[in-house]
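Only one chain comes next, encoded as C-alpha cells, the form predicted alone.
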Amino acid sequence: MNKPRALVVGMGIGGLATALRLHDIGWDSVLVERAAERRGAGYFVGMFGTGQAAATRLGMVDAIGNRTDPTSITYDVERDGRRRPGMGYGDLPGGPQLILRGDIEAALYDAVAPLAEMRFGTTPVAIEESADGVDVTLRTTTTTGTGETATTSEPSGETTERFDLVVGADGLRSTVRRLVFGPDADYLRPFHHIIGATILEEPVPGFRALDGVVLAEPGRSAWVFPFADHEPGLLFNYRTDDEDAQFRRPPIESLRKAFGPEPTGPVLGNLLDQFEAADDFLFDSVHQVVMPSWHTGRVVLLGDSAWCLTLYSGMGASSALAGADLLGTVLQRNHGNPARGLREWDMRLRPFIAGHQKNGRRDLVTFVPQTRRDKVTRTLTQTLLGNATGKRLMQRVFAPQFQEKSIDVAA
C-alpha cells in the first residue's frame, strides 16, 4: 500500500518539524525551499515550555540544546553610557531555553535529511486542489555560487506533481497562502514597527560577551542577547508611520535615521557600526497574520504563514513546533480523512494562538516603550529588579501570566 505523500513548503522550524512528525505517522514528505541553500544561524529565540514539550516528543530537545548561561547579567543602559543591572530574558518565569533559530533548524534538518526528499531553489507556482489530492506545479531555479556570491538564473524547469496534502510553512509572506487563500494584504496585520537583527562579531565595548544589554527609548530600542558558546545576538526595534520608506534606502541608513538625531553614544554607536559591517542580517517590518481559517480540505498553513505571533510574543518557534506536533497527531487519528483532521487541528490550536497574538500586541511595550511614561515605568521596574530579591519577587508575581507559554497544546 502506498504511503500518503505530503508537500511541505519551507524548510524553517515549522516545515522541518512537520516533515519529521509526518514521517513518525507513516507519511512520505517532499520539502521545497525557495532559497538556494540553508540559512545562517539566525536571531535569538526563547523556547518556553510549549515548545520544549513538543521538541521532547519529537526527540529533538537534547539536539536543540540550551545556550543559557547562569552567570549572565543584563544591563539597562543610556546613550551616555550609564548602566544599571536589570532583568534578562533568561530571568523570566517559565525557564525559557535561550537559543538561536538556527539551533532548532540545524537539529531538525539533521533528523529529517535521511527521511525525506529535499529540494532547494524550488517554489510552487500553481496549486489545484480536488477531493482526492492536490496537483502542485513546482518551479526550480538554477543557482551558481554560494552565500553572497550566489546568483539565480532563469527558471530551469517546472513539474506538476500530485500530493495528498500540502503544508505551507513558508513564512510571513507565504507563497502557499497567496496561491490558495489570496493576497498578503488580506491577512497581514501591521504593527508599524521595524526590526533589524544580526549576530555581533565582538562584545559591546565595556561589557563581557556574556552580558546582555538593553537600550530602550520611546519608540525605539536595541537589545543584545548573550549566549553560552556563541557570539551575542543583536535586535533593533523602532516604530514608524511609513514602513515603505524604510526599504527605499539601505537598512543601516533607516536605522541611523530612526535612532537620530541625538548623538548615539558609545553603546548604540558600536551596535549600529556592527550591524552595518555584518554580512548576514534581517531587516523587516513586523506583522501578525490573522485568518479565519488556516486550511482547506487538503492544504494547511502552519507557523508564521498561518499566524505569525511576532517576536514580541516570544512564542514563534514554540508555536511552530507545537503546531507541527499536533498536526501529526490529528492526521494519524483521522487516517484517510485529512479534511476532518485539519478541522480538528484548527479548532484545538486556534484558542491558544489567539491568546498569544493578544499577548504579542500587549507585550510590544516590553521590547519597545511607546511613550515617555512607558520609558519611566521601565526604568523604575528595572531598578527594582536589578537584584536577586527583586527578580524572585517578579517571578512569583508574573508566573501566572507566563503559564500560558508552557501549555502543552499538542498533548
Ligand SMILES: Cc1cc2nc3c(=O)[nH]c(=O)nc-3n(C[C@H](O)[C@H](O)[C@H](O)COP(=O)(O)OP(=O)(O)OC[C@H]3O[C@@H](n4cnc5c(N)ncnc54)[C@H](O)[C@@H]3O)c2cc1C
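Numbering starts at 1 and runs along the sequence shown. The model shown is predicted, which means the values in this text are computed figures rather than measured ones.
This next part talks about the form predicted in complex with this ligand, which is not shown.
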Legend entry - Contact of residue 13 with this ligand in the predicted complex (heavy atom, 4.5 Å): yes
Inset, instruction - Report whether the minimum heavy atom distance between residue 345 and this ligand in the predicted complex is within 4.5 Å. - result: no
Legend entry - Any non-hydrogen atom of residue 317 within 4.5 angstroms of this ligand in the predicted complex: yes
Inset, instruction - Indicate whether this ligand has at least one heavy atom within 4.5 Å of a heavy atom of residue 34 in the predicted complex. - result: yes
Legend entry - Interface residue in the predicted complex among 325, 304, 103, 76, criterion: non-hydrogen atom within 4.5 angstroms of this ligand: 304
Inset, instruction - Find the only residue in 334, 240, 123, 274 having a heavy atom within 4.5 Å of this ligand in the predicted complex. - result: 123
Inset, instruction - Specify the contacting stretch among 80 to 88, 289 to 297, 244 to 252, 309 to 317, defined as having any heavy atom within 4.5 Å of this ligand in the predicted complex. - result: 309 to 317
Inset, instruction - Could you list which residues of 192 to 217 come within 4.5 Å of this ligand in the predicted complex, counting heavy atoms only? - result: 195, 197
